[in-house]
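Just one chain is shown here, as structure tokens, and it is the form predicted alone.
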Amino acid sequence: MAQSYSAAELYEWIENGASHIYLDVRNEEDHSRFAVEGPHNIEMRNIPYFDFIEAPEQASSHLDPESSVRVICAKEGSAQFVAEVLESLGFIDVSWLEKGIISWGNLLIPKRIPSPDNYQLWQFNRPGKASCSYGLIHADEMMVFDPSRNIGFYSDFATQRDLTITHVFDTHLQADYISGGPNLAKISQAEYIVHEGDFSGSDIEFRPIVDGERIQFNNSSGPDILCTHSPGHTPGSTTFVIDERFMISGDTVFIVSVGRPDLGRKVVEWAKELYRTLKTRICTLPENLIVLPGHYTDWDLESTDDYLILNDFGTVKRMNEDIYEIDDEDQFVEYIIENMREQPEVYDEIRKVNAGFIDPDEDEQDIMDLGKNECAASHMVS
């Protein structure tokens, strides 16, 4: 009898190169807008659910009954139905995704980043959004950076390790996903720390960042966090340098490209701000810092052999030399304008959620939060 599988199992299959056929039975528009992707190419088919209702034999004829088929739909029910249809037609290895594509969209993959013995640094990769959040651990304390709205994951991660979440940071007011920062801070009784350049006037309770301040663990033997205001992607964007070794760069520095400065619809003004940030605040940082970005676009270029999204800053600058070698503000603005593309309409609504101005129900937030990020200034840098 056909069984279900979890989003975590789905990621593990993709990372390990399992030879499944992935069958997405959502309509073509939804599939094209957001589909399962991972660190390796997969064999994906899109055959709508209604095809299996109207002509099941014809729909299934596009699949090999001897292959293993993993069915995906919006909410689980349609995928279960199709899996049972395929099984009735003689398919021998069929299963469906629990809780549908939203479970994939919310999945977080924890991977430990190599770091000194006196603390732990974790990357929480969200493959459905191509985004990363981070956890910094010392003694029995944990700080969280750029959490997604799947706050149960971070709470469980801390509880399983007997940790107390003491600080929650957002590098900026997110536009591409709904932040879990305010809610995670609230349930953890932690400080929510952000820059007032993005959050002044919001309905969110926060502790404002002071440019250049160093935030420490309660146990002072832990690493400190240098807060560097780095406006451009947003007015309040902040880069966090941990232990003079790691740069949590949010959407300012990516492994490929930099953060787009047009989301506030002030492209020239913000592009000039970003240029000044890169020249005077970011490029002055040591090249041996390990860049830990908020997003990525290409696993092959941006991940390590262990599927961590990181690289040293010197290598990042060389990979993006057509950006970092621009020495004229007007030329930089021209580069940004030439690479501009339309931002998703939902970004305006997501910003309102993250500022506390609107509070959609959970189902609506699930829909708003789906889809890959569009935060880089360019799709690919040569």
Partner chain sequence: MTQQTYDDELDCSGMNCPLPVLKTKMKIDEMTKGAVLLVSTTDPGSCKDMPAWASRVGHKIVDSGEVDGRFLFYVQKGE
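Numbering follows the first chain given and starts at 1. This one's a predicted model, so the numbers in the text were calculated from it and none came from an experiment.
Keep in mind the form predicted together with the partner chain is missing from the figure; the text below concerns it.
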Among the candidates 78, 150, 202, 297, the residue which, in the model of the complex, approaches the partner chain to within 4.5 Å (heavy atoms): 78
Single option in 49, 335, 313, 34 placed near the partner chain in the model of the complex, where near means a heavy atom within 4.5 Å: 49
Exercise: residue 43 in contact with the partner chain in the model of the complex, heavy atom 4.5 Å: no
Contact test in the model of the complex: residue 328 vs the partner chain, heavy atoms, 4.5 Å: no
Distance check, residue 29 to the partner chain in the model of the complex, heavy atom within 4.5 Å: yes
4.5 Å heavy atom contact, residue 322 to the partner chain in the model of the complex: no
Stretch in contact, per heavy atom within 4.5 angstroms of the partner chain in the model of the complex, of 211-219, 266-274, 69-77, 251-259: 69-77
Stretch 51-73: residues contacting the partner chain in the model of the complex, 4.5 Å heavy atom cut-off: 51, 53, 54
